[in-house]
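Below, in structure tokens: the form predicted on its own, a single chain.
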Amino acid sequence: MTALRVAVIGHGKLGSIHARLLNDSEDFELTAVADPVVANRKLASDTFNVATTTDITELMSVFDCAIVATPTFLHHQVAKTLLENGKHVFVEKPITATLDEARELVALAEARGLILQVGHVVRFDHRFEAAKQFIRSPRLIECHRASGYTFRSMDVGVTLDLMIHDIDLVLSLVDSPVTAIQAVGTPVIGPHEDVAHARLTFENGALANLSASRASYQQVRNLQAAGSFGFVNVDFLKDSITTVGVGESLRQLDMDPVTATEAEKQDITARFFTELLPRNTLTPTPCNAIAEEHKDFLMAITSQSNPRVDGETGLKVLEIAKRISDLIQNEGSADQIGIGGPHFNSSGSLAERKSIHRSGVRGL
């Protein structure tokens, strides 16, 4: 198969990672890099021996698809130009800075028959891939994501910078519309919130608690999920997953813990995490999540199928993230909404979708 010609727009920290992986791939041919910074263009030219430019329209003829890794406020402008010129687009998260911009890109890609993929990279993480096989109809999800202050993504708050990863994961796991959001947060250094906490309530009764900070003294990336399946803990800083299942011995257990004898109590204690609630530690095979995103992008283009995280999904994740950031700016008042997760392919206006969800009918 002929390698797909690809351009990278924005050769900063993340863009340079995309460029390196694409250059090393047999499926893609890196043919152009666009960046307004002279040093970034020189680095790309020296490293990959490709054409560079400040204006990607000058090189439209040399590529078929593009990775957009610019600051968020430029996502719409750059992606729109690419789509209007018939290019398939992979845009880093969040899809755009505003909902109207995201809706325009989704509509434009659909009208032109082009692939629009959003870079929610944690969906491709090998730890999440392994953990989600055990998570069925979760009732409670807790996500914690924290890091030190890096002065990156200063054009958005921590909700759209970090928490949006976990919003995407939660919406992919809970098959029910969000009915209410509560949120609090605060800026620490930047003009936007640097610390954020949110609670999502779903129509089916599930809850998700999310916390994100980019002003933390320690790094944390963790997801926990609980339900009738048991309990799963994912530490994204380690290559291990802990699962606690519901054993057949627990289902068949017939005893009253209040009146149990001392011998019965000791027996239960000894078997608690081996037979009753068997605990296991999994070590999934590591992979490069960004490279896996590239493979998904390639598959979507060559087979004209939806990528795992398409533009519509990116839009719906952004809707939730925007609600959270707006609540934080309004000092955390509760918000009653009805936005479906990315598994819903609802049509019509946001107001219409709210009406559908509030009536208790899924927006399919």
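Computed from a predicted model, the values in this text were never measured in an experiment. Note that residue numbering follows the sequence shown and begins at 1.
The same protein has a further form, the form predicted together with a small molecule, not shown here; the description that follows concerns it.
The partner is not drawn, yet in the predicted complex one stretch among 277 to 285, 187 to 195, 88 to 96, 210 to 218 has residues with heavy atoms inside 4.5 Å of the small molecule: 88 to 96. Checking 309, 298, 44, 34 for any heavy atom within 4.5 Å of the small molecule in the predicted complex turns up a single hit: 34.
Of the residues given (157, 177, 119, 138), 119 alone sits with a heavy atom within 4.5 Å of the small molecule in the predicted complex. In the predicted complex, none of the heavy atoms of residue 22 sits within 4.5 Å of a heavy atom of the small molecule. The shortest heavy atom separation between residue 72 and the small molecule in the predicted complex is within 4.5 Å. In the predicted complex, the small molecule lies farther than 4.5 Å from every heavy atom of residue 52. Residue 123 falls outside the set of residues with a heavy atom inside 4.5 Å of the small molecule in the predicted complex.
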